[in-house]
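Just one chain follows, in the form predicted on its own, and it is written as structure tokens.
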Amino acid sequence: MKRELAGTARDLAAYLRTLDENLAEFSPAPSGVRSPSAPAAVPSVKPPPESPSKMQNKPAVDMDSLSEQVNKCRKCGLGHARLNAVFGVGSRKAKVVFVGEGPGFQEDHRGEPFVGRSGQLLDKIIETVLGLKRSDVYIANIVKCHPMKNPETPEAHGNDRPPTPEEISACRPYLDEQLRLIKPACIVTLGSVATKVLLGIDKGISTVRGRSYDYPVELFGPGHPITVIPTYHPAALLRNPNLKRDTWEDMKMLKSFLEKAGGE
């Protein structure tokens, strides 16, 4: 028992050191310096009246076909304003899929999710706590195009906003089709928007994190549920390092779940 506690303490210390290294430049501003502005309010998202997994177009038979559909999609205004569609990245046989709300500036320019500072921190968390690489998991977003405050200035920084319910509704079927093709055991929702959308609830992330849920959309038939573990978005850790201990606990829960799932 003492060895287990010592090992856990060492793991936690290593994890916190890693986060401290990544968060160092985001320490609280000294007196007299204005702190970064608060993030935009999260939209209230109600679950659609019927299963969002029903594709408006013919369902894709494989991930490449689905990616092509996303690249051509113009079902909402985001498809006309974005520079690149941001489909998803990682193992197509992953046991866990990390889902954020939508691409930002860096992702829009590179066409890959979580490649900015938040993505670098997410990679560190996956490596430090789970012992996995980015290529071992799958990473995606609720919407596949960059929601911008001003779509006419895609080269401007600080142009991000949360996706609207209409944009989410238009794009949601693509995510469920990705999940259907990957067949993960677990989804980790990153932040309030992704958590509200995928669980069909109105509660914020601080209220619902710390436990697991069943994904309410039936993708594989009865008896094959997907577990959902909500946690903070990496961007929240960059703004508030005090959240990192809760994230550690959530990721340890995920690690324990994956170890049990791997043994079944």
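A quick note: this is a predicted structure, and the numbers were derived from the prediction, not measured. The numbering used is simple: start at 1 and walk along the sequence shown.
This next part talks about the form predicted together with a small molecule, which is not shown.
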* To do: Run the contact test on 88, 144 and 174 with a 4.5 Å heavy atom cut-off to the small molecule in the predicted complex and return yes or no.
  => no
* Asked: Any of the heavy atoms of residue 169 lying within 4.5 Å of the small molecule in the predicted complex?
  -> no
* the small molecule contact at residue 114 in the predicted complex, heavy atom, 4.5 Å -> yes
* Even though the small molecule is not shown here, does residue 196 get within 4.5 Å of it in the predicted complex, heavy atoms only? -> no
* **Distance check, residue 118 to the small molecule in the predicted complex, heavy atom within 4.5 Å** => yes
* Asked: Which one, 178 to 186, 73 to 81, 97 to 105, 123 to 131, holds residues whose non-hydrogen atoms are within 4.5 Å of the small molecule in the predicted complex?
  -> 97 to 105
